[in-house]
Each structure stands twice: as C-alpha cells, then as structure tokens.
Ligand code: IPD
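Take a look at this single chain, the form predicted on its own, given in structure tokens.
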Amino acid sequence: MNLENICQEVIATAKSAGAFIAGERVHFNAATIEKKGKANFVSYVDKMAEEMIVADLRKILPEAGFITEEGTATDSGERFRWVIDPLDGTTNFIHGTPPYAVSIGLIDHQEIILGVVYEIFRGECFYAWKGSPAFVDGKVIHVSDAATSEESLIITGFPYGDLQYVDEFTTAIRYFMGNSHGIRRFGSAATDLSYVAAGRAEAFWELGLHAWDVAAGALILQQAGGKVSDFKGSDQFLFSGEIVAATGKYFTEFQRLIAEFYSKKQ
C-alpha cells in the first residue's frame, strides 16, 4: 500500500468537499439546521459533504470500512476504516465564523495511518501519513520547541451538553490563564490539533469528542513531533472521548496537569 499516493487522493477529496461546503455557505439557510443535542447541530451540508467523501473514498480503498459522524456509511471493514467528519465546526459554519474543516483519517485496526484536515475558510490543507513528515500545503511543519506552560498558548473546547465536569474545566482554565500565554477556543478539534502541529499553539485538551473529531489531526500532530493521549496518559484517545495533545517537549507536564485537574473523573 502506497500511503503517499493514497494521501494525495484523499487531499483532492477533502478539497472537493471543502469547495462544496464553501459554496453552500454563501446562500446557507438556517432553516435547514437540525439539532442532534444541546449546541450540537447538523445540516444538509454536513450530510451531502459526507456522501461525497464516502463515494470518493470507496474508489480509493474499496476494502475499507467507515466510521462517519452523520452515519451515511457504516461498513465495518476487516482491517481498514476511514474516520470522517465532513464538517468539523458545524456551529461555526452555521454562523459564518471560522474555522471549520473537512477531516479524514484512515485507521489500520486501531492505528491511525493517514490524516488529512482541510480548513475551509483559510484554504489550508494539513496532512501526513505513517512514516512521513507533517505538511501544510506542501510545506513541512513541526511543533514548537516550547517545554513549559509559561511558554505555551493553550487551545481547548468548551463543554456543552454534558456539563458534569465543568468545575474541573474551570479549574484548568483558571490555571492556564495565570500560567501560560493564554487560552484559545476555535471550535474545530481537527483544526486545533493541526494548529498545534504547525507550531501555532503548544497544547490542546478537550472532553466529549469522537473518533472523527480527532483521528486525522492526531496523526498529523504526531508526525509533526507532538504527542497525544487520553487524560490518563494512555493511547486510548481515539475512542475514549477525551484527548490531551502537546509538543513533544511540553507533553509530559501538560498531560500531568490535565490528569490532576480531572482526577475525580473515573
């Protein structure tokens, strides 16, 4: 299997879906929005983009199954599975506020081996495959050299729906407000991970995510020299609903802090 060639085909797929999404944003009708949960939305744009992506990926790797946010394909696949978020940052998209992205990952059993994140508003494509550097639009990217909170810009996502751990989240926010370069919330986990990979921030954590939110971005970050885990430091982040990600030098400290803040979480 030539992952580099496959990645180039996936990039074309992501950009095609991104062009469709960008075109629909111009005349988007808010009346088409459906609510999946509190502050969790979906529109015909998400669904149609996913159908387009699935159709392309079936041609690229016919034997692969799918894990998709909108459920347009549920093939299990014996070995390979595509992990797709057709529009990561739907709430941003609805309001015309960047960023929002197409996220496509490929897993071999439980190992992520390819990731493409196309951030639509800026037209930037982040990508990597197993054994490659990480890239944005053909340029090699790498995490920053920051090794401490005091050197770092932190990204997170605000809790919604399940507010069980708001106190833990608030404690973390309070700490980083006083001990880092600051905190940002962009609203697209795939983009967040890609930004850490590109050295635009040093760390990211969030609770309540799904595999399609993080698969592609996590692989890109790892290939850029970063590290990823769940809150406890294990490699089960893909399906655990929680993620900690940081530069290679800062990861140990950052993961320890998040584990302490969420110590009551079982």
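Residue numbers run from 1 along the displayed sequence. Values in this document were obtained by computation on a predicted structure and should not be read as measured data.
Beyond the structure shown, there is the form predicted together with this ligand, which is absent from this document and is the topic of what follows.
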When the contact criterion is heavy atoms within 4.5 Å, does residue 105 count as touching this ligand in the predicted complex?
no
Can you check whether residue 209 is within 4.5 Å of this ligand in the predicted complex, heavy atom basis?
yes
Non-hydrogen atom contact residue 189 with this ligand in the predicted complex at 4.5 angstroms:
yes
Answer with yes or no whether residue 69 is in contact with this ligand in the predicted complex, where contact means some heavy atom within 4.5 Å.
yes
Only one of 95, 122, 185, 109 has a non-hydrogen atom within 4.5 angstroms of this ligand in the predicted complex; which is it?
185
The unique member of 87, 114, 154, 134 whose heavy atoms fall within 4.5 Å of this ligand in the predicted complex:
87
At 4.5 Å between heavy atoms, only one of the stretches 229-237, 56-64, 201-209, 215-223 reaches this ligand in the predicted complex; which one is it?
201-209
